[in-house]
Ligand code: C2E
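Only one chain is shown below, in structure tokens, and it's the form predicted alone.
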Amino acid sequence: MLDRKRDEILYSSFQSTKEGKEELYHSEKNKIKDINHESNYNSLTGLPVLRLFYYSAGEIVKEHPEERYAVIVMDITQFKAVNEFLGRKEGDRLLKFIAECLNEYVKERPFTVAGHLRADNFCLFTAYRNKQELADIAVAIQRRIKTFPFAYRVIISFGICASEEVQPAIPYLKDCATLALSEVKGKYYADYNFFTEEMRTNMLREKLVESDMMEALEKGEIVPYVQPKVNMVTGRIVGGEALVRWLSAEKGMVSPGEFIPIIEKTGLVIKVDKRVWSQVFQYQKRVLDEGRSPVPISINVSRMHIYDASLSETFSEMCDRYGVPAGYVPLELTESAFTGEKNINSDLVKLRNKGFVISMDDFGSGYSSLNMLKGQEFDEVKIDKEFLSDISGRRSKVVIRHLLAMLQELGVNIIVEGIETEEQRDFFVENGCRRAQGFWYYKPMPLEEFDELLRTQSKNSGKTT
């Protein structure tokens, strides 16, 4: 539960967002009269563009403030595929038909405005009596579109925001409807979704986390924890993986599950990752300056970084700035990064040529792992811990045994992730694996604690690690 102070912060954030939307409406309202017809209407469908949609809906609210209003936002799932497979002409024909469907509601229902926001994104503003009425509109439009003669199955998703307030801010209603749409788009169990107070609370909580995270970066509260990687035969630490942790002065350790999904969604993960990367490079520089031999500490590269054209240069610059050879900082990419829309082969080649070790994290968690082995160049794979969940079963052992043999034949280094029992360790050692990480050995720890382990290990062995 959010405490009273947090409630006040959330409410303040909500109010400022709403007020900002109202200011936007009034600003656009003042400009609308000076804009020509071509700028006000979509050239293909003839529907109002967003600016005119806001203005027209706002005028209705102003003239009929006693009504309750809602915004319905609709989107075509995989519309890009429609254009690719059937051609732009067919796609345009579909968009025109949807516009005709919406225009019928404009003619039939009082206090109603339709809009064409962009590409395959449409919206409908209308007065309503109850939510079922709005749901019926979404279902009726979906049913009507299904009758359209088309060589591609068209799936339409709807987000609905029904306001209980008097004279609501139209841009805010549209944004809330869009948020509701994002949670149902592409799903097969429902065609429409209503914006709820829970969504509002989650949205504001995300905004609060985003704001707190920016402050945490400024205060230096974002730090790397390291989970050691161990040689399962000797028990020696042979490396580590840097994991982001948030040590808040007010809240203590913030669970990664609470903030990582949000920073990935908002894009803040890029700044957070770079902060962790630089701290790992700084630590490796310190080890080198002290005359010790570092063990490799891998850093995670999220999928969002894959779209950064300067990613290779960023890592090269860090190597040069800190004087740390690339081999001491392996790069871990999740399997999903290899299967994204962007082909990352050229980026991986550049990074490998600079000496970076490329590791595929969570190998086996998706459906394309084996296919990845054919087409991608990487140096190691980390066997996903899900593979270890049923290691005692005969079928599981057969699958894992053959998977390991195939990876070894390909010359790919293997790290087993999530070792938690002696049985798991023994099985993988028997099948030729040497390196692993997991709670059986160590949990993630502060960087200084990891450093102390290495110093102790070095002292006990009589040589640098």
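Take the two forms, find the largest set of C-alpha atoms that superpose within 1.5 Å, and that set is the rigid core. None of the values given here were measured: they were computed from a predicted structure. Numbering starts at 1 and follows the sequence shown.
One more form of this protein exists, namely the form predicted together with this ligand; it is left out here, but the text below deals with it.
- You can rule out all but one of 294-302, 78-86, 96-104, 322-330: in the predicted complex, only 294-302 has residues with a heavy atom within 4.5 Å of this ligand.
- Out of the listed residues L268, V209, V357, L243, L243 is the one that sits within 4.5 Å of this ligand in the predicted complex by at least one heavy atom.
- For the options V276, V154, V184, L117, the residue carrying a heavy atom within 4.5 angstroms of this ligand in the predicted complex is V276.
- Taking the partner from the other structure, this ligand in the predicted complex has a heavy atom within 4.5 Å of a heavy atom of E420.
- Taking non-hydrogen atoms only, Y41 never approaches this ligand to within 4.5 angstroms in the predicted complex.
- At the 4.5 Å threshold, heavy atoms of A138 stay clear of this ligand in the predicted complex, well away from it.
- D175 falls outside the set of residues with a heavy atom inside 4.5 Å of this ligand in the predicted complex.
- If you fit the rigid core between the shown form and the other one, you'll see the Cα of D273 move by less than 2 angstroms.
- Once both forms are fitted on their rigid core, the CA atom of V209 lies less than 2 Å apart between the shown form and the other one.
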